[in-house]
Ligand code: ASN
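Just the one chain here, laid out as structure tokens, in the form predicted on its own.
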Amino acid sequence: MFMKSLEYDRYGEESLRKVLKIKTKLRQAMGNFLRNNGFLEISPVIISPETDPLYHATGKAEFDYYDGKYQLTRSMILHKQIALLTSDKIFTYSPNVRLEPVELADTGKHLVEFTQLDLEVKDATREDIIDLGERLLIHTLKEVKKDCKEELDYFKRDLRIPEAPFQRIKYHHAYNQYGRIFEEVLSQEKEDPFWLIDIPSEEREFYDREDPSRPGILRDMDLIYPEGFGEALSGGEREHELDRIKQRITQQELDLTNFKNYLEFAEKGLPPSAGFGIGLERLARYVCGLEEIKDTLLFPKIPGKIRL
């Protein structure tokens, strides 16, 4: 695994310029790919009374506003489903705020504030979205390799272009072989990105669709980078029927009233869909071969620390 710390650059200005050039190209390449494939770009949602509950512990970033409360967006998943009532294919560059525990400060891959390319497709299946994710990543890496040679040379990064289809590995097979650290082990072993599929329902949120033929198994997936860089994106098919959504919320011991507005849209009718979110900073870290995700940002927010 090749990871470089920006400590080799005394002040980091030149390194950050190179990273920002690559991040600019990433945004351009991904956005153009999606626009050319019929996607409409929507504005991100920064504050909302309802947002992604997440299956792991994060603090609530919320504030009082008149007689109610707003939260800073953890992800736009609920809004993406609703947005499909106006367009069949949507994407956005969504700022996310997640008040992660201090224990994640030293992982090198967690931020309190980051940006996701978030997309959703009406009537899509997991297989459709896997195909889309592979084509999007391959196109983006090719564009970066073509147009950012100087920057990649600076980081001594020989960017490998994977071939589709990517390998698919079932969650239970990986867990049985390596235990809880299977993602880390497999990411270190692989030379190309791979899919983790068939994740148990207790490991994910209520909106991830349970496979009708396999109770307890979700129709979702994670894309994992090779060389030890870990998770790239997470997504899959969505629960869209009101009764199923309520059942899943209750099963996870969440309060239905916390999703009042979302459930009103579900009662009127949400379309079946699938989609994913891919972290821009994690992608930039992988492309540049960096040890720390904080080195992809001008103003990084690290768990457990207060920073400008």
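Since this is a predicted model, take the numbers as computed values, not measurements. Position 1 is the first residue in the sequence shown; the rest follow in order.
The protein also exists as the form predicted together with the named molecule; that form is not presented, and the subsequent description refers to it.
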> What stretch, of 242 to 250, 50 to 58, 257 to 265, 30 to 38, brings heavy atoms to within 4.5 Å of the named molecule in the predicted complex?
Replying inline: 50 to 58
> in the predicted complex, which of the listed residues (S187, T115, T140, S75) lies with a heavy atom within 4.5 Å of the named molecule?
Replying inline: S75
> Since exactly one of R98, K109, R157, R126 fits, which has a heavy atom within 4.5 Å of the named molecule in the predicted complex?
Replying inline: R98
>> So, Y207 and the named molecule: in the predicted complex, are they within 4.5 Å at any heavy atom pair?
In response: yes
>> At 4.5 Å between heavy atoms, is S234 in contact with the named molecule in the predicted complex?
In response: yes
> From first to last in sequence, which residues of 272 to 308 have any non-hydrogen atom within 4.5 angstroms of the named molecule in the predicted complex?
Replying inline: G275, F276, G277
